[in-house]
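Here you get one chain, nothing else, as structure tokens; it is the form predicted alone.
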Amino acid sequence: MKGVIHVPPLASRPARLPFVLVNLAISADGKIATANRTVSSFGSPRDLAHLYALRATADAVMCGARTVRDEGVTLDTGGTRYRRLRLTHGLAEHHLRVIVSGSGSLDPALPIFRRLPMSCPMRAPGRQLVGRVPRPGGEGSWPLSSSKKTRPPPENPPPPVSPAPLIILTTERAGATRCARLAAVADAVLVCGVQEVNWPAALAHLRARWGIERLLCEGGGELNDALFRAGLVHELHLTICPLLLGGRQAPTLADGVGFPRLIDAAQFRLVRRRRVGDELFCVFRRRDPRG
């Protein structure tokens, strides 16, 4: 599968698509970073543990190019504890990683592209690249421990890079040169759409060719907005943190185009909430338009 793959639009809908979750920590005023984007991580160790535990339920974890560039994320599993948790969920030891860049303007020297060999992997009978996932909305959707005494940070510090497979989602805007450069450092470059990512086609391809049944998106705001507008987000996990960032230019949960009319807005319902310290962990489920 390595190389540049041009994904055609879907011939018809509906197609089999992954169950999509969005997970973010937000300030009390709905910001995900400061206006100058120098601060984008402000959740507690409990929130960090929640992030890793939620990754441990997913076949793939996805984020936008700016998140990778500005924050230096590698989308790793979080260490031995969470790799073991993946195996107990019937998943592969490492999740697939997906970066979205419509222009393909990613620096191949970024930390996320540095690979480590997968040394001494933990094995379980029948484990493949990706495996069966917990039932959407089941226990895997709420990985927080009910014990307030549990220490949330990972028992092992995350590795500097992940040996997990890496896919780039881009568009025709990237051009052949950029796609070829990214294909040299990624496992595959998927060209989905002309100017904007064709999300139904992209997600259908990820499920059909890579076995992705459960996809976790970790922002940023423009990527979230595109998924919300396409009606593809099934679950929203929010950690509401006890601080105000302010700023007209500070990014929010869903930036980008947005919904011009209230009637078109993405509709969700609150299905779970839990207060841990001064943080509030919430899970919202997409409303069925049929009622």
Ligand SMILES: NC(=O)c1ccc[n+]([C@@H]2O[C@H](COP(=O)([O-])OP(=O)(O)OC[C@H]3O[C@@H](n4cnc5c(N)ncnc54)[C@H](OP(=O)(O)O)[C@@H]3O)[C@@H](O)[C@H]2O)c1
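Just so it is clear, the structure is predicted and the values come from calculations on it, not from any experiment. Numbering starts at 1 and follows the sequence shown.
Heads up, the form predicted in complex with the ligand isn't pictured, but that's what we're talking about next.
Asker: Mind checking whether each of L24, R66 and S101 has a heavy atom within 4.5 Å of the ligand in the predicted bound form?
Answerer: Yes, because L24, R66 and S101 each have a heavy atom that approaches the ligand to within 4.5 Å in the predicted bound form.
Asker: Thinking of the ligand in the predicted bound form, which stretch from 206 to 214, 84 to 92, 68 to 76, 183 to 191 has heavy atoms inside 4.5 Å of it?
Answerer: Flagged stretch: 68 to 76.
Asker: Name the single residue among A33, V61, L236, A56 that comes within 4.5 Å of the ligand in the predicted bound form, judging by heavy atoms.
Answerer: Looking at the other structure, the residue within range turns out to be A33.
Asker: Among I240, A226, A266, A49, which has any heavy atom within 4.5 Å of the ligand in the predicted bound form?
Answerer: The residue in contact is A226.
Asker: How about D107 - does it come within 4.5 Å of the ligand in the predicted bound form, if we only consider non-hydrogen atoms?
Answerer: No, no contact at 4.5 Å.
Asker: Against the ligand in the predicted bound form, would R173 count as a contact residue? Criterion: heavy atoms within 4.5 Å.
Answerer: Yes, R173 is a contact residue.
Asker: Is W199 part of the interface with the ligand in the predicted bound form - any heavy atom within 4.5 Å?
Answerer: The answer is yes: W199 has a heavy atom within 4.5 Å of the ligand.
Asker: Heavy atom to heavy atom, is S44 within 4.5 Å of the ligand in the predicted bound form?
Answerer: Result no; S44 lies far from the ligand in the predicted bound form.
Asker: Which residues, if any, of 210 to 243 lie within 4.5 Å of the ligand in the predicted bound form when only heavy atoms count?
Answerer: If the 4.5 Å heavy-atom criterion is applied to the ligand in the predicted bound form, 210 to 243 yields E218, G219, G220, G221, E222, L223, A226.
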